[in-house]
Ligand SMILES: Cc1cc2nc3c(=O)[nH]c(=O)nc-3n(C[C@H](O)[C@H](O)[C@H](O)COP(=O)(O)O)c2cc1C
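Take a look at this single chain, the form predicted on its own, given in structure tokens.
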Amino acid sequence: MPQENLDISPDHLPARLWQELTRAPHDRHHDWRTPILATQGIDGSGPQARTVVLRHADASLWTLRVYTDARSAKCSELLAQPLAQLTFWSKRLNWQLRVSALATVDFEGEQVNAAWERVGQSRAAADYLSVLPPGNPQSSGEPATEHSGNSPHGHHLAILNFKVCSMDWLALSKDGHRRARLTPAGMLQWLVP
């Protein structure tokens, strides 16, 4: 168990958390690269949680970014109710981070175009070119190979931007758990684990 779970000071905690968050999109093996995103279902189904891939984290703006298919349920859920939560777990650190955030969904613009320039050159491009929206039934278990021509952009990539409202950090340790809540305004409150 890392000693830093016990030694981290309040002055260093925000920077330490953002250090991990900004590293995660660039390190395929980082535990925080694939958080759980929770949204509120719009069809009466209650909370919806799924794993997403963190694509960008900005410590100065307290923002996080995720790519998705524009036709996915999470887009319509976040448009209807933009309050979301992302939960990160690091086995290496024994840290859980729950991030409450306000989401915006971008279907077009410079950010989407720049993202598509990168994604469009990868194997992941097929996920955003499929004629079938995510979650639709298909006849076989094979990946959909038909490309969609009904998008004005030729693809269905959308970007979910999350403006962090607060973070709830929990460090698990056999010597005693620690927990704190942080906000972009600089508030740090120690909590009972």
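Note that this is a predicted model, so its numbers are computed, not measured. All residue numbers refer to positions in the sequence shown, first residue = 1.
The form predicted in complex with the ligand is left out here; the points below concern that form.
Only one of 87-95, 103-111, 117-125, 69-77 lies within 4.5 Å of the ligand in the predicted complex by heavy atoms, and it is 69-77. Between the options Q138, T34, Q40, T63, the residue in contact with the ligand in the predicted complex by a heavy atom within 4.5 angstroms is T34. Checking I159, L129, V164, V52 for any heavy atom within 4.5 Å of the ligand in the predicted complex turns up a single hit: V52. Using a 4.5 Å cut-off on any heavy atom, none of the residues of 89-111 reaches the ligand in the predicted complex.
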